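Listed next as structure tokens is one chain, alone, in the form predicted on its own.
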């Protein structure tokens, strides 16, 4: 296996979207803007136990940013590339099919890391976020792990809809999914319907794992991990079916 192929494809995928302001600017700046507006402004207030709102929302908006990166970096961009024939062209080259998925995964992780570092910088500079070293390690590890279940949603979108419709459909999924999962407001503050709906949504479980790294989760770590593992495995099974179908067309 030529690792240089994966490196070059990943580099190309990242630079392509980095140089596309319609993707890179909203993906990076929206979570940071909302965090400054809602998290830092109320940074000293308590959200749950000893956790400040600034710390609580750093997890939520980090999850929000990573979801957006996967929805548009995987979903919308893949649908556009498929419609323009880029996937068909790549099938005529010696490149392994897995290089596309590896490149988009690396791209999502890099954009996610940029978002997380900006959120952390805002939290630390404001003086409202105080975490131990092991809490920081868990926060970054869980955040970057979220790329895998979130990518499933984006890939299913990318292989299911046309390129022109993909950005609009991605927004129709991304924003309601974020809201219903408790990424904008703590789920405890939301109406009963959303409290019942949220456990069926992947971002809710990842957000709870992130909050758990600060000591503010619901304590059901194993349940959240099991849900995400099953969701990811089933999702990649569906993605493989959609991918084969796209090759046959």
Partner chain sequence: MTETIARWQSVNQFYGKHHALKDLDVELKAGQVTALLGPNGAGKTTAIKLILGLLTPSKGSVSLFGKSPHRREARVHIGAMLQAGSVPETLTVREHFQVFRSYYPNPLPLESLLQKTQLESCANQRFGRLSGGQKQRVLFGLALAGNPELLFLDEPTVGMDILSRRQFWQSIQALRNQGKTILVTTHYLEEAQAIADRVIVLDKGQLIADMNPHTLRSQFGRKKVAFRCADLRLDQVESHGQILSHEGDRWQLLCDEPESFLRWALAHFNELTELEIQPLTLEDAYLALTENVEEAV
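Note that the structure is a prediction, hence the values are computed from the model and not measured. Positions refer to the first chain, counted from 1.
The same protein also exists as the form predicted together with its partner chain; that form is not shown, yet it is the one meant from here on.
J.: Find out whether any non-hydrogen atom of residue 164 is located within 4.5 angstroms of its partner chain in the predicted bound form, and reply yes or no.
T.: Because no heavy atom of residue 164 falls inside 4.5 Å of its partner chain in the predicted bound form, the answer is no.
J.: Even though the partner isn't displayed, in the predicted bound form is residue 89 close enough to its partner chain, meaning a heavy atom within 4.5 Å?
T.: Yes - in the predicted bound form, heavy atoms of residue 89 and its partner chain come within 4.5 Å of each other.
J.: Decide whether residue 12 counts as a contact residue for its partner chain in the predicted bound form under a heavy atom distance cut-off of 4.5 Å.
T.: Residue 12 belongs to the contact set for its partner chain.
J.: State yes or no: in the predicted bound form, is some non-hydrogen atom of residue 132 no more than 4.5 angstroms from a non-hydrogen atom of its partner chain?
T.: Heavy-atom contact with its partner chain at 4.5 Å: absent for residue 132.
J.: Among 156-164, 91-99, 119-127, 143-151, which stretch has residues whose heavy atoms lie within 4.5 Å of its partner chain in the predicted bound form?
T.: Result of the contact check: 91-99.
J.: Of 12-26, which residues get within 4.5 Å of its partner chain in the predicted bound form if you count heavy atoms?
T.: Heavy-atom contacts within 4.5 Å come from 12, 15, 16, 19, 20.
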